[in-house]
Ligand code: SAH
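In structure tokens, the next block holds one chain alone, the form predicted alone.
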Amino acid sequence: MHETQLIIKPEFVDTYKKGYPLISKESIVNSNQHIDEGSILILLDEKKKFILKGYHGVQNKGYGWVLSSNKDEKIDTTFFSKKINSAIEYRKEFFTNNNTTAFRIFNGEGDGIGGLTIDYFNGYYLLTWYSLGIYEFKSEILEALKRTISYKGIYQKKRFDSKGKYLNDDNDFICGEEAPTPLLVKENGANFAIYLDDGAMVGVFLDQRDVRKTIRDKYAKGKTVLNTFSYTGAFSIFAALGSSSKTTSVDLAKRSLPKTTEQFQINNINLKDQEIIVEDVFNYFKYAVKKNLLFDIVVLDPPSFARSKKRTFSAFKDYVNLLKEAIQITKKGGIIVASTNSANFSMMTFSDFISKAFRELKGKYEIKERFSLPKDFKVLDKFKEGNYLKVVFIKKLK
């Protein structure tokens, strides 16, 4: 790989030395020179003294990621093998748990390589590339993965189109044997139908595993549950398996109906106690208020940004209003499970949103528990924004 030297502005040198992994454009003195994505970056201070080694890959606000503090370390198959080996060692107990056969084995910068995640689905591996830069290392990373694990099949997702859209220009299948459609995996004993070669998503978000289990084991019994932005109904499945009296799943996407139905069926859940509605969530809130519908549990897990024909939703700007809608249709003593995967604000800011929503409605609440990313989604202390998931269980007191 081609190497390029970059001078880092003095005010950023300490931050990188202390372990901050994301290389930002504003930290570079000569940031306007053209560099090919995938180039190895040698970061130097103004006296041309070596700081760190990384790679150039444009991702969100980033210019690239730090890879090593050793200037002589080669970024090759051996380097990637060491990183993957160490990541798998950290998660070894997951591989021996027969109740959960879907989890993350490599979490980007948390495991030392920003821009790359690898997920495990019952013998199959899925690599997700978040920049063209990291994709340039595809053959070395694949070789490193094959050296480290035994596998049935390997798949990939390319998530680095400049417009933020999914790059579906070819088959997601790479090698080994193709997975059945659907591929059945387990999470804490429940079944999920996964599709490894069907667009950007596979059918379940693995980072919510602990939250789903908590709903099933502690909150769902005998309760009515509204699951908004429900996607394939994962929260509804766990509520039903926890003996909820009824679940209502609402999502704007037409595919949410067959996908959620399928998840109920593979878990042998009686469909007559479940309602699946294809509708804009905000329209459903209006309908629920008009019909005086109240729920024991309301799950709010919106995308951090979404656009429909009629509206745009941004978690940072619109979450307070979303909460206010949910509070109005939650029974007194009921629970709101408020979740966001937005990395743009902290748990403290999210807690402020909750406080503001209740204050504006003159309501009272109590926080029951909080969740962030589970163990397999390893994060760095020095990179707080990597711990993007924030989930709060809120009891409505009035």
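In this text, residue numbers run from 1 along the sequence as written. All figures in this text were calculated on a predicted structure; none of them were measured in a lab.
One more form of this protein, predicted together with the named molecule, exists but is not displayed; see below.
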query	finding
Triple contact flag F121, I154 and D172 to the named molecule in the predicted complex, non-hydrogen atom at 4.5 angstroms	no
D251 within 4.5 Å of the named molecule in the predicted complex, heavy atoms	yes
4.5 Å heavy atom contact, K186 to the named molecule in the predicted complex	no
Proximity of R255 to the named molecule in the predicted complex, heavy atoms at 4.5 Å	yes
Interface membership of Y231, the named molecule in the predicted complex, 4.5 Å heavy atom rule	yes
Answer option from L323, I194, I84, V281, heavy atom within 4.5 Å of the named molecule in the predicted complex	V281
Among the candidates E136, D318, D301, E262, the residue which, in the predicted complex, approaches the named molecule to within 4.5 Å (heavy atoms)	D301
Option from 74 to 82, 139 to 147, 233 to 241, 92 to 100 whose residues, in the predicted complex, bring a heavy atom within 4.5 Å of the named molecule	233 to 241
Partner contacts in the predicted complex for 56 to 91 (non-hydrogen atom within 4.5 angstroms of the named molecule)	none
